[in-house]
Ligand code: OGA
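Presented as structure tokens, the chain that follows is alone, the form predicted on its own.
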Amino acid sequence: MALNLRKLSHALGAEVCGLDVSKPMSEAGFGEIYQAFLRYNILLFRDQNITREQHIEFSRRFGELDRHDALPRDRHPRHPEILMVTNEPKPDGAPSDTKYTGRQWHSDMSFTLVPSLGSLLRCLSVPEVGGDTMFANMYLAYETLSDGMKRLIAGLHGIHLSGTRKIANTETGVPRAEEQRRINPPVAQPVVRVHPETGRKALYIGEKVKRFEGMTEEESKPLIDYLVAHATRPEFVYRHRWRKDDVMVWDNRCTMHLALGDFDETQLRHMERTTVLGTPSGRVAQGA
């Protein structure tokens, strides 16, 4: 099949127009989608009125799915392949565990030893305005660094932490942060990684990185801040305004993203995400 693609921005992203992901798809047809995924880093599919089962089935075309054992509070109780991203309160009125999910620049599951290949996020409910997500092209972030900076960071490993998101209140936050540290000890990931399929180098940094291996937080902070600011320059970024029934897939190996809290939080923002497992990477950080 010939895909009808519309670019989303100069930096990255394309919309796949007129395709229903719930319909049967040949290997060759999916192969075209996957090649577009590698080329554009992000693919958008609009108007996908699909079930959770169809969401999971389409996601499996990209690879084996994470069952989110690293985030047990956040997954759907009957579909562990689905991670809930919602501000809808719990039945007892307590704040959602995922109310603030994604409010830092990050790459999904970077704090584990099998970081994500890709993520597929489905929008079920969106506020009247806002609730946008921003994406950054980490190929461009790396390629536009000076040769001197490339040499400086070539051997560095960043310590990626789980449980660094904002928490709705202290009572919820303390046990959750302790639980996350127990389940997911800090992981050292290379600051520069090579995409296993394209062979291109990408910057691997984000706001979950608090220091470099072998360095203190105070020593690390100026360089981390510079690299994150550089990677998120406007010319490297796409900002997505969600519509109900959008499905967005992105390549975590060459992008990072940020969920914006630019909306009235009395209005519902409900998303559901599947996460495709990637190749093993990194090591448990020593002395973290």
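Computed from a prediction, not measured in an experiment: that's the story for all the values here. For every residue, the number given is its place in the sequence shown, counted from 1.
The same protein also has a form predicted together with N-oxalylglycine (OGA), omitted here; what follows describes it.
- Proximity of M271 to N-oxalylglycine (OGA) in the model of the complex: non-hydrogen atoms within 4.5 Å are present.
- Contact check for R253: no non-hydrogen atom falls within 4.5 Å of N-oxalylglycine (OGA) in the model of the complex.
- In the model of the complex, N-oxalylglycine (OGA) sits beyond 4.5 Å of every heavy atom of N87.
- Interface residue remark: I33 is not counted as part of the site for N-oxalylglycine (OGA) in the model of the complex, having no heavy atom within 4.5 Å.
- This chain appears without its partner; in the model of the complex, the one residue of H106, R211, R75, R193 with a heavy atom within 4.5 Å of N-oxalylglycine (OGA) is H106.
- Proximity to N-oxalylglycine (OGA) in the model of the complex, taken as a non-hydrogen atom within 4.5 angstroms, holds for one residue of V247, A70, L227, A259, which is A259.
- Contact with N-oxalylglycine (OGA) in the model of the complex, judged as any non-hydrogen atom within 4.5 angstroms, is confined among 211 to 219, 98 to 106, 137 to 145, 153 to 161 to 98 to 106.
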